[in-house]
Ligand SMILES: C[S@@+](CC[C@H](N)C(=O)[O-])C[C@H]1O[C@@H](n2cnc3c(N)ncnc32)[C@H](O)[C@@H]1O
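We begin with a single chain expressed as structure tokens, specifically the form predicted on its own.
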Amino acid sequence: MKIGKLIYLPVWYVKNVMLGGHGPLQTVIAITDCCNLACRHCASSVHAGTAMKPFGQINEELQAAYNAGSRFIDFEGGEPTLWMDGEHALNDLYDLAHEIGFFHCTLTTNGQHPFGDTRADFVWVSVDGNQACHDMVRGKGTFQVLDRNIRESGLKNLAINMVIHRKNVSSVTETIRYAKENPAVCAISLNFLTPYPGTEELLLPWETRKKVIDHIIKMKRAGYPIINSCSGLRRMKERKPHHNCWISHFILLDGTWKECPGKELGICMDCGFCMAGEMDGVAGLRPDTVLAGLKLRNSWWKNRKKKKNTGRGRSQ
């Protein structure tokens, strides 16, 4: 990350955390509710398949988010790789965000379409466990497709993301090992299911969640490439509201701005979005959380890690 960008971060912290400005640092923009899957843990409203947000509206939202202080952007769906508006395709949105001045742009995808040509700075591929668990959640054959697309992408800046719930909790260890052993993957992020309407039966019992978090922390300390910080993970063991979710805000498909879509539903106490724990860590200047965020945004770490993995082999 360039010096000018690094300077922005402490200035943002003083203005928005210490002085209470509460301006966002990250923005998640929903660009479509169209999807090529119907995952068991996904709220139906997220993939209704009815809308593509117009390019002009996304441009306005990007400008507004930038003016509000946000410098990191993530386009989500639905499945964002399906997005189009006339002659515009997804890469045009990344070009636009970079032109506006965003520091870092990410793609979150289910991996069912090849994505090696993306102009995103970082790619998250959703993986719901080993092949059996993933296919149970997302459909037969979907794991094989995403695994092929990951390996053929040629990207150095690719990580996987797992949402843990009752149906796939047994494969957490195997999924973390998959991230380490796959040379095309630089890291893994672990989250827990947030019980949006229609998904409540998949919610893990709280005591089980705490044990899983302890296990994840143990694997992280053993050298597995888990991007979550230990401080952020420990925060997710506490069943109480998060107070710093304003750091990342959402712009929904209808253009509504929300600090968190689940807040008005009253499900914050059961939040499984581990970024909430990371945001608490950032606000509290937890060193491991701050370092994890900087590592995620810097290509030097990903390149260094890839070389390190190549040299040490795949013996886990």
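Keep in mind that this is a model prediction, so the values were computed, not measured. Note that residue numbering begins at 1 and tracks the sequence as displayed.
The same protein has a further form, the form predicted together with the named molecule, not shown here; the description that follows concerns it.
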Go through 275 to 283, 256 to 264, 53 to 61, 33 to 41 and give me the stretch that gets within 4.5 Å of the named molecule in the model of the complex, heavy atoms only. 33 to 41
Position in contact with the named molecule when the complex is considered in the model of the complex, options 244, 108, 182, 157, heavy atoms within 4.5 Å: 108
Using heavy atoms only and a 4.5 Å cut-off, determine which of 213, 97, 163, 90 is in contact with the named molecule in the model of the complex. 163
Does residue 85 make contact with the named molecule in the model of the complex, using a 4.5 Å heavy atom cut-off? no
Contact with the named molecule in the model of the complex for residue 118, defined as at least one heavy atom pair within 4.5 Å: yes or no? no
Please check if residue 232 has a heavy atom lying within 4.5 Å of any heavy atom of the named molecule in the model of the complex. no
With the partner left out here, check for me: in the model of the complex, does some heavy atom of residue 186 sit within 4.5 Å of the named molecule? no
Using heavy atoms only and a 4.5 Å cut-off, decide whether all three of 129, 147 and 224 touch the named molecule in the model of the complex. no
Heavy atoms within 4.5 Å of the named molecule in the model of the complex is the criterion; list the residues of 52 to 88 that meet it. 76, 77, 78, 79, 80
